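Just one chain is shown here, as structure tokens, and it is the form predicted alone.
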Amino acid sequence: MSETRTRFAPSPTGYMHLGSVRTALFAWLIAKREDGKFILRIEDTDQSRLVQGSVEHIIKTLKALGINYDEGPKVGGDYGPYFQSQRLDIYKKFAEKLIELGRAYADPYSAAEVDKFRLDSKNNKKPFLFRNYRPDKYQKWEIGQPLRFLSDPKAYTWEDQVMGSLSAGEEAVDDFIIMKSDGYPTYNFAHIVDDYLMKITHVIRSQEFIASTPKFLNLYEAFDFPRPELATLPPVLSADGKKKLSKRDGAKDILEYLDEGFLPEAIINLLASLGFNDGTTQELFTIKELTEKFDLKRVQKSGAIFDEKRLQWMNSHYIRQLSENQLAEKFEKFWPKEAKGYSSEYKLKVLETFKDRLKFGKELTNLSLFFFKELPVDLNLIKEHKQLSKLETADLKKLLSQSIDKLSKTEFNSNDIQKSLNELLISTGQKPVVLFSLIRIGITETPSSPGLAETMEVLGKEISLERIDHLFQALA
């Protein structure tokens, strides 16, 4: 049995979005499950679309997520080079082989002439097929002139590991350009040659390539190449499920998510769930579990909806699995600038209060600010509070005064603070939603915060009472 070899073959034309990284993940999981090899190949033959720095960005993204490739740029391997732009002599050799086989010819037509053929087909109400306009006599091909594949039109039926049995009529097979006039191959040609030479056993890609698959099958046959297993992934859809996710709909660079404090484990889990289900209700998987359970036959055919709130939920789960020290190390960059100068011990205490509430690291910047800086009194927080807004100013001040008096006599640890707060509920006759919200606003100047007693313990007695008094003074 041959070794399982999968590949991820991106074009370096920009950032890595969710859909492309999911393709890489699924290919990687197949290779890992079968103890095979995962290859990174850079398809950079379309020189007009290259974006500076994209290759480094691709490598950085895969590395950050732990999707490590066995062969490819900076790693090497037995089947390189792994940049298509460095394989031009290889493509030229295989193009010439097709000519020898009578399966390729120099395209003598100008763009204007091809446009005329298209118009002719349209006027005759027929689909445009280049093979209907092949030249009567083939010229010798040289670099500087496009080279076309001479197709052998036929109907095809093929098995897709995800989509099942697919078919297309002979109208899907046409003469397509395999070598451009600049000497670079087209995607349709280069990836077939590379997959063969690199012994790729599984080709995993998006739905946009289904329509071109009959052309690929025709080319496999022309070369007498074995077909790899083909798998077409469902599209990643926007939250409303109506369209393919795009940057405009909230799709971000994967590195942007990492920079915002989303953990690699959460992103991997989210990507794996976009179309794959192991047949159970389990939603969170370790890499080991994913490797053991992943199966292309359990990938759904319909589109997978991306929901950032679900990613946040997954991320919060992994945050809670970390110790405070681990969390402090990962989220060090997210402290507000006001935290500079505070001890590591103090910041660890702050993290401990937030750990169960954090959905991603960047939240820490604003959420924790009141621990390092007293925020201006904002009476609108009282006016906008459904219960507090019903009380007269005198009643609010009385509650604050009673709170200061009670808490000033408290040993300032969370247990004693909570005991005093509960006793205040009895003595004032108020509900937690009123009393605790009022004290919280005074201490944090926010409508919500971590546990009130825990927050006050970290801030300490002096600062806590001082802030409650500042709210008391502000209530005219």
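So that there is no doubt, residue numbering starts at 1 and follows the sequence shown. Since we're looking at a predicted model, the values are computed, not measured.
Same protein, other form: the form predicted in complex with a small molecule, not shown, and the subject of what follows.
Checked against the small molecule in the model of the complex, the candidates 128, 141, 209, 285 yield a single residue with a heavy atom inside 4.5 Å, and that residue is 209. Contact with the small molecule in the model of the complex, defined as a heavy atom within 4.5 Å, holds for exactly one of 453, 21, 465, 9, namely 9. No residue in the set 71, 82 and 199 has a non-hydrogen atom no more than 4.5 Å from the small molecule in the model of the complex. Among heavy atoms of residue 362, none comes within 4.5 Å of the small molecule in the model of the complex. Contact annotation: residue 103 falls outside 4.5 Å of the small molecule in the model of the complex, judged by heavy atom distances.
Not displayed here, the small molecule is approached by residue 205 to within 4.5 Å at the level of heavy atoms in the model of the complex. By the criterion of a heavy atom within 4.5 Å, residue 445 is excluded from the residues contacting the small molecule in the model of the complex.
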